[in-house]
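One chain is shown next in structure tokens, namely the form predicted on its own.
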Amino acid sequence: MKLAGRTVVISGASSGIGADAARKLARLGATVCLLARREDELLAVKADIEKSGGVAHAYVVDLADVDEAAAVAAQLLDDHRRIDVLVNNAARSIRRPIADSTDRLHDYERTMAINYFGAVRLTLALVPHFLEQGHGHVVSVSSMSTQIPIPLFSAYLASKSALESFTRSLDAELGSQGISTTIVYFPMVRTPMSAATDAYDNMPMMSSARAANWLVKAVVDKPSRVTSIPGALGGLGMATLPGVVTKVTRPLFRRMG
């Protein structure tokens, strides 16, 4: 029971990685606060956790909605005297070439609304609480594709890169006051979100359950990042030889179209 007595807030918890991580965190003793838009699925995850002897609370919210996000943050702080960890997992993805997006700025706006602004809005709401209690850990879910140049997902990857920069600034500014952060760089994971793209049906992917273990590691061990060897090497390559890496990978990823 490594997390006994701790309260973990996790967004995007109605299915996929978020739901699997919530179940695993509850089995480690954490009280889990489940945030998502889909009420029926969210309550099913809550019931599943409680059936296994865990403690879970469900909060139906669209984090892209300013008023709903503010209300759920206030409710969380009212319901729980102690909140130890925030996992910013909720996200949406859009797969579309930039050349086909010149008249679709709204794709970028709606992706940023949940992936970046939704996560930042919830984080900012909890920061005063973390500072008051003297500790708090923020886990930001990102993608290995921000470490290696990937085509067709410019809206999604831009939002994740923005969240990464915010998370690093949070750590740099408030790390000395007890607030720590972890960025999780997932490779492709087989979830309902990835299932929407037929081209991925036969592509090898990480399972949702294994990906959930990465979130558990982020919560329990609090490393600055959780990533794969290819992701780490890709990040190193982009930091030292970005032009070369982009040129080399371009033909490899052209098949994705």
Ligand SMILES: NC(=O)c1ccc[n+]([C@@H]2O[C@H](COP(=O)([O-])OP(=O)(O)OC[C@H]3O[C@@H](n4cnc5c(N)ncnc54)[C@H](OP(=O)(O)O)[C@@H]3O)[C@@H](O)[C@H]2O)c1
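Fair warning: this is a prediction, and the values are worked out from it, not measured in the lab. Residue positions are given as counts along the sequence shown, with the first one as 1.
Separately, the form predicted together with this ligand exists; it is not shown, and the next lines address it.
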{"item": "is_contact(I17, this ligand) in the predicted complex, heavy atom dist at most 4.5 Å", "value": "yes"}
{"item": "Interface membership of A90, this ligand in the predicted complex, 4.5 Å heavy atom rule", "value": "yes"}
{"item": "Any non-hydrogen atom of D48 within 4.5 angstroms of this ligand in the predicted complex", "value": "no"}
{"item": "Contact of V72 with this ligand in the predicted complex (heavy atom, 4.5 Å)", "value": "no"}
{"item": "A36, V61 and S142 each touching this ligand in the predicted complex (heavy atom, 4.5 Å)", "value": "yes"}
{"item": "Interface stretch in the predicted complex with this ligand - options 167-175, 142-150, 77-85, 125-133, non-hydrogen atom within 4.5 Å", "value": "142-150"}
{"item": "V189, A212, A26, V226 - the one with a heavy atom within 4.5 Å of this ligand in the predicted complex", "value": "V189"}
{"item": "Partner-contacting position among V120, I179, I183, I114 - heavy atom within 4.5 Å of this ligand in the predicted complex", "value": "I114"}
